[in-house]
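Take a look at this single chain in structure tokens; it is the form predicted on its own.
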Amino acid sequence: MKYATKAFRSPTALVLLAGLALRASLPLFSHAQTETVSSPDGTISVVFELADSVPTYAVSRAGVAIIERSRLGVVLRNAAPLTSGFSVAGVARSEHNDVWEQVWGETAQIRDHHREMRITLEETGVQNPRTMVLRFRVFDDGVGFRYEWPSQPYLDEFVVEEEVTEFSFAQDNTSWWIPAFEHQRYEYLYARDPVSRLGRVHTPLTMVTPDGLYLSLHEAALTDYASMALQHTGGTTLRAELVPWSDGAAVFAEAPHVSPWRTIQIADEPGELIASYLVLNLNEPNKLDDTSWIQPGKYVGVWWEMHLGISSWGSGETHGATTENVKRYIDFAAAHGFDGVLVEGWNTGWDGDWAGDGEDFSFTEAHPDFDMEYLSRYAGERGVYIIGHHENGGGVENYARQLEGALDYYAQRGVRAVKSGYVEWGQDIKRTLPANTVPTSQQRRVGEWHHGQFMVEHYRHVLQRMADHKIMLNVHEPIKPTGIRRTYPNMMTREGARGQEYNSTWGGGNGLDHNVTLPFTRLLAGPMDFTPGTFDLDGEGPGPQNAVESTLAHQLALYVVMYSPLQMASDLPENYESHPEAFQFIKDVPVDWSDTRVVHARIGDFVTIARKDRNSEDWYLGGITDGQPRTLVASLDFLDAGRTYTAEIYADAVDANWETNPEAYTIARQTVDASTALPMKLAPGGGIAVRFVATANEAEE
């Protein structure tokens, strides 16, 4: 990898200047060659058009335009752009149809049925022609396409400065979005605006057309490349904006090389976006020979008490990660069947101003009041494992230097999962320039964005080293999910959005529509460690006041609604012990599923999801609403035909309300089957959680 050394240039300036230049040179498209590929069911079509040597594409569904003719190509540093001057050197088509099994996930088996069109472009009229391939895959639920640069004589090492990839929407779609290139990474509340009013936004970007069609733009298989944001360039057009290096370059590459897939998911209903596995299908199959050590599970830990101000990460009288306190959590986990205990703040380096620096962290040296040897042994004897914590404060070089020793340290002590953290702000990930790239008189450390190629490579290296040590990974302050969990299934879950911590004393709250927006936005990318399960909702328990804007039944429902193969029961043990009946649902609910169905879905208003346990015949249902009370009816036609179930229903009490009576709930039981229509009355900020315990079916009887 070669690192660029020029001064950083504003991503906004790069996009706007290049956009003006490209539009000024846009040809009239008087001579065109077109190639078309459609989805297996024939509903979705992609039309590639090489018009006056400029590559473009368009997407339609049932004959209705979704994306009108949009530019394709990349701009290179110190070389002619790969945006025009092409001829079509070859077209190859194929169809693929198989079913593959997830190591863990929202459903056990996934069908991958797509048609592919591979367009080979070659420059014309130049002495040293270069080749670029555009590969399109069209599924019944959407489209993926990517750039490929095969080995060739006249393109070896190259630098991508930007993509000109456009998404020119046929209509001014309503979009749910968060800003890109901002202080808090992905941790923002979602806004809702038409495409024409967007600025720079992250993906997944979810939309609804005026005709009621739902779309999600994202990327898949992000490997050795910069992550993609989207920039509004006028009208209803968005353009790919790659997160740059500190010198303005986006991607340093060497042929052969490929970009991530640019994905467009398409659905009639918002719930169909949740049930789409297009992003996973565009990733490579599992590369790990042995996955027996990868075990989804639930955990508790020393975490929420820090956010409440009861204890601290740093040393001193309020230090949370003491031997005595962690032992208390281990006993609680063992007594209630939890798999792991997260321990944050156990290691040295937390004292002082560590955020955005992290150079003082040691990942093998414990605080004097924390006995790792004793606690790991004590936990193992009780069937529990310690979940390690690697907060590096954005000091990735310090972390990388210690990584091998840190993983050896954990592996030798039975630590089976690690939560990592990269708390920093803006362009604050520091790297040291190679010694031969700058004069010794110049500053040798530069700041990188959190989601550029430098960090994409770092995250992947850490994930692979974790796999080598048989350790599962949960990343906070991550790169967004792009389906890599299929290829490396020890990549269990990650943050990448505003989670429960923002409902603590310092966070300012998430509002009442955040939880009913996340399943249709961030969670379309992959599992999220939201850390649900807060039971002290009105701040009257231990610690300062912290009103969480939901009811207790809503918190239970999140275990079904917000998927994660590692789920935390985030509250303090004493708050669970004060509600043992409700806590039973958290103890019962699985984290690995054989099937998922979306029962109700309206973005930002309400959502109901049902999932079937992968290890039994039981089903679970979770439904949540925003600040409006709802009366919904759930058809239970997802239940297995010919079988009856005992429904254990955890619901809002009649007088429940997130603001005035959040901890009021009821528990009821009734016999149901697939023909049952289950009424659901949700309080403001409320929810419902149901366990369907299977009884013998007719065949078994």
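Residue positions are given as counts along the sequence shown, with the first one as 1. Worth saying up front: this structure is predicted, and the values here are computed from it rather than measured.
Although it is not shown, the form predicted together with 1-deoxynojirimycin is what the next lines describe.
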Residue (of R135, H257, H307, H336) lying close to 1-deoxynojirimycin in the predicted complex, criterion heavy atoms within 4.5 Å = H307
Answer key, 1-deoxynojirimycin contact in the predicted complex at 4.5 Å (heavy atoms) among Y378, F332, Y409, W350: the residue is W350
What stretch, of 168-176, 262-270, 475-483, 319-327, brings heavy atoms to within 4.5 Å of 1-deoxynojirimycin in the predicted complex?
-> 475-483
Any chance E122 has a heavy atom within 4.5 Å of 1-deoxynojirimycin in the predicted complex?
-> no
4.5 Å heavy atom contact, K419 and 1-deoxynojirimycin in the predicted complex | yes
Please check if E219 has a heavy atom lying within 4.5 Å of any heavy atom of 1-deoxynojirimycin in the predicted complex.
-> no
Please run the contact check for E106 against 1-deoxynojirimycin in the predicted complex: heavy atoms, 4.5 angstroms, yes or no?
-> no
Taking 1-deoxynojirimycin in the predicted complex and a 4.5 Å non-hydrogen atom cutoff, the residues of 383-410 making contact are H389, E391
